[in-house]
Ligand code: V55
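For reference, the chain that follows is the form predicted on its own, supplied as structure tokens.
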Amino acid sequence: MSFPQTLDYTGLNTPVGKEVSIKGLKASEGTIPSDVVGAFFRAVPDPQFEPFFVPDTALSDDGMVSRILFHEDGTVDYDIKFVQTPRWKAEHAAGKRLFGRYRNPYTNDPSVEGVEGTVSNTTPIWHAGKLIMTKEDGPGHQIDPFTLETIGAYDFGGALKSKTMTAHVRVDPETQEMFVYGYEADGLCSAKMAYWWTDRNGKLVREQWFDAPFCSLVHDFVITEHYAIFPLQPTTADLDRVKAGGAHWVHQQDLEYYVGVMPRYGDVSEIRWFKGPKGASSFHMMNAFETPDGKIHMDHHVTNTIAFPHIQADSGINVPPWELGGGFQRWTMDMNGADDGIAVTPLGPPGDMPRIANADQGRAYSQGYYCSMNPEPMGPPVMGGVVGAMFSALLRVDFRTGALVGYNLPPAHGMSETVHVDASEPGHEGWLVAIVDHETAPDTYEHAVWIWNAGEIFKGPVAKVPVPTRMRPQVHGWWVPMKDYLAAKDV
């Protein structure tokens, strides 16, 4: 097949498209901590067929679900399979790409009219013993966590009415309820949003719909103990533009960033909208929490404009990654005040893919972790991932002291998002696990699982497990402890 020679399909992003199973891998350096026993699920975009609309984006590639299984005996298994969505099945049967421009059904081959177009390539979600592969433009797809076979679209036992489900749910650490939303809930380019939550057993408790100020690319959201928070960046969709064969998303630099706040068990009529900086963009929130003075604090990674190259191009924006500005910021909304403004506090340098311990979700917290870039690069970045370049540093921020420490990867190395693994030892911050890619020569790569002590990331990895097969970058991942993984056999 002949893929376009663009950032989305060259370098580390060169398509692989193979289902693989490798058993009995072992650490080549260090020792895998005894706490790291369980399943590391990853969402990996990888296309079956080359696009017929150019330029395309890796965000449109078929979803693959990857499982890295850590056993008690220190061995590791690696498996990856395609998520067999209706789109995957239709194209697989035809032997070619049938879906056109990113999230624009008016550019598809007529043979797939009415076929669900999601690729479920963004986040593997684990809740109540079920594994759901998600992408925010359609329903999630349930996966058998043991065989990685696709079971089918998941609608919470027929209870869910929303046509879409976010790739970023939030699970309360105490109640184990899962809080979820979907934008474009009733169709293409709609400003309708759905918000729902489930009990600890995965049963949908209540679904509500509301009208957002505009149809926004709402990639992530957050909860606190008493609130649900919806961040609407000024990246908008327009149905007339889409019908004319245009881009789904265009970033509006002169439009404010909106943040909606409502009681998390309340009614959507109680949503209060705050306004942040014009043109600001953010895709991932580290956490949110309340303080006794009635303020809500949301910590996220902000840039002064959109980072994705394909959305920049469609928006008439040309800002390279090193000029995006912004950084890791805390945005504060005062629920007791009459002002709809947002106070912005810098917390750290630019980065993305934040991670916290599950127990800190929605609570005041002491530390968090995220990927970034080495401020003193020792060579060009490893090219790959959905924005074109891989991360080259891992940071830990201490909110008590403001201290920021990090670990810079060696030259020609890049990393994907980490997952956090709890430690059994009291007072231990746990472990961070991620895939690290090493470019050994042009278009030649080695891949390994690296494990860090979360409280001492500056010391470097405590273990490395090579994975002897070609790997494509993931988007997001999810860690499942072995006891929870095995218990799913009874679900």
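A quick note: this is a predicted structure, and the numbers were derived from the prediction, not measured. Note that residue numbering follows the sequence shown and begins at 1.
This protein has a second form, the form predicted together with the named molecule, left out of what is shown; the following refers to that one.
Under a 4.5 angstroms non-hydrogen atom cutoff, the named molecule in the model of the complex lacks Thr85 among its neighbouring residues.
Within 4.5 Å of some heavy atom of the named molecule in the model of the complex lies at least one heavy atom of His219. Within this chain, Leu59 lines the site of the named molecule in the model of the complex, having a heavy atom no more than 4.5 Å away. The named molecule is not drawn, but in the model of the complex it has a heavy atom within 4.5 Å of His284.
No member of the trio Phe40, Met133 and His420 reaches the named molecule in the model of the complex with any non-hydrogen atom inside 4.5 Å. Of the candidate stretches 172 to 180, 388 to 396, 115 to 123, 260 to 268, only 115 to 123 has residues whose heavy atoms lie within 4.5 Å of the named molecule in the model of the complex.
Residue Phe308 is the only one of Phe99, Trp331, Phe308, Tyr195 with a heavy atom lying within 4.5 Å of the named molecule in the model of the complex.
This chain is drawn without the named molecule; in the model of the complex, the residue among Leu12, Leu25, Val475, Val480 with a heavy atom within 4.5 Å of it is Val475.
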